[in-house]
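Shown here is one chain on its own, the form predicted on its own, set out as C-alpha cells.
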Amino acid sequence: MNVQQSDTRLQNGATQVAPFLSVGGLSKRFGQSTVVDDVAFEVGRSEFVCVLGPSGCGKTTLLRLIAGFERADKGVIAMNGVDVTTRRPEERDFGIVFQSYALFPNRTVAGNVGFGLEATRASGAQQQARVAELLTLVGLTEHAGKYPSQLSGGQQQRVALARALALSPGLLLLDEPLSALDANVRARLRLELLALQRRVGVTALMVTHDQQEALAVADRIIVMNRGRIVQCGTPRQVFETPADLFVARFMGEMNAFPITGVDHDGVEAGPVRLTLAEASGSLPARAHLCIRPGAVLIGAEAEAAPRPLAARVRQVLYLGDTVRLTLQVCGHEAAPVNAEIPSARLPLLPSIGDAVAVAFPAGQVRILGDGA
C-alpha cells in the first residue's frame, strides 16, 4: 500500500477496516516508573504498523504486553475481537521475531522453521511440506540442512521470520528485527520484509528506533515518548506534519528557532519570519518556527523566493547525493541554519566563507511546540 492509498484508508490515525489488534488504556509500571501510560490504538487486518521511539520510551514493553510476556496493570488487549488480556502467550494468535533471532543452534534451518509445527496434529509429511513452502518463501531452500552458525545475519533473520510464520499467525510481532545487521543488509532486508508481509497478508506490528526503517515499511507509524503515544499517522503525515518538535526531530533533522516576537506584521524567530496570514492559528506553548534542511533554499532559488536573506557558509559536508551546509544568516549569528541540497543542483561546491542568499519558503515552515 502506498502513502496515498493509506491516507484514504486511515483518518486521524484510526483504521477504517475491522481491526485485528485493539489496545485500549494499556498501562504498565515497574516499581515507581510508569513505562507504558494509557496507550490505545488499533491495527487493521493486513496492516503494517511501526511503533517508533527512542530507547526507554516503552515500545518494547508494549510489544511484550501484547505478546503476553508481561501482564498489564490496566487496559485491554483484543485479537480478532477476542479479549486476550489475561491469556498466556501460547493462547494468543501471534508469531514473533526477536532482535537476537533466538534460533536453536543445535537445529538445522529446517528444524528451526518446523519447531512450532511439531506440537500440532499435522503429519510428518504435512510438516515437511509446510517447512519447504516457507523456505521457498524466504529464499532459503538450499540452506535447509545448515545450522544457524553457518548462515549470515541476514539469512538467520529470514529463518526467524519463516519460523514465526509457520503456524500462520494472525499477527506478526517484530522486535527491532533488523537492528543487529549492517546498514546495507538492513536496507535490503526491510524491503524483503515488506514484500513478504504483503505476500502473506499477515497483520504486522514492528517496534523500531530507526526512522528510515519505519518510513520505508509502515502503513502507519505510532510515535512514543515517555510511555505515551504522541502521534499516530501515515509516514507522510508524521514526517511532514509532526505533532511537536520532539516528533519532528525524531523523524529527521529540523531547524528550530524559538519564537521571539509576535506583532501585527507577523511572527519572528531567529532568521525566519512568517506573516500573520502565513502563521494562521494559535501558537502552542514554547513555540518554534521550524523548517527541514531539505526545504531551505540557497543561491539563485533563494533569490527568486520572497524575503531572501544574506548568509555565509560556515561548514560544507559532501555526502554524495547531497551536500549539507551550515549557514550563518547575517544579523542572526547565534542561530545557524542547516541546509541540505541535492548535489545535482550544485554544479560548484560552496566554500567556507562564501556569501550566499538563503530563503525559507512559508509553505515549508511549521509552528511547533517543543513537546516537553
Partner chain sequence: MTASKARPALDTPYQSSRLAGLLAQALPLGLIALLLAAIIAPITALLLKSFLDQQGAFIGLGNFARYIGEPGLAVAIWNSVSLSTISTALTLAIAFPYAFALHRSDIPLKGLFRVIMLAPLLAPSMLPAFGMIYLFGNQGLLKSWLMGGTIYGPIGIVSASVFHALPHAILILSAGLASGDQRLYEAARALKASPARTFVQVTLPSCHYALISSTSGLAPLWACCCSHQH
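Residue numbers count along the first chain shown, from 1. No experiment lies behind these values; they were computed from the predicted model shown.
Separately, the form predicted in complex with the partner chain exists; it is not shown, and the next lines address it.
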Interface membership of V262, the partner chain in the predicted bound form, 4.5 Å heavy atom rule: no
In the predicted bound form, P89 touching the partner chain (heavy atom, 4.5 Å): yes
4.5 Å heavy atom contact, T141 to the partner chain in the predicted bound form: no
Contact label in the predicted bound form: E118 to the partner chain, heavy atom within 4.5 Å: yes
Option touching the partner chain, based on a heavy atom within 4.5 Å in the predicted bound form, out of T136, T241, T275, S100: S100
Contact residue in the predicted bound form, chosen from S152, N106, S123, N184 - any heavy atom within 4.5 Å of the partner chain: N106
Triplet I96, R163 and L167 all within 4.5 Å of the partner chain in the predicted bound form via a heavy atom: yes
Option from 216-224, 250-258, 199-207, 106-114 whose residues, in the predicted bound form, bring a heavy atom within 4.5 Å of the partner chain: 106-114
Heavy atom contacts to the partner chain in the predicted bound form at 4.5 Å, residues of 53-69 in sequence order: R64, F69
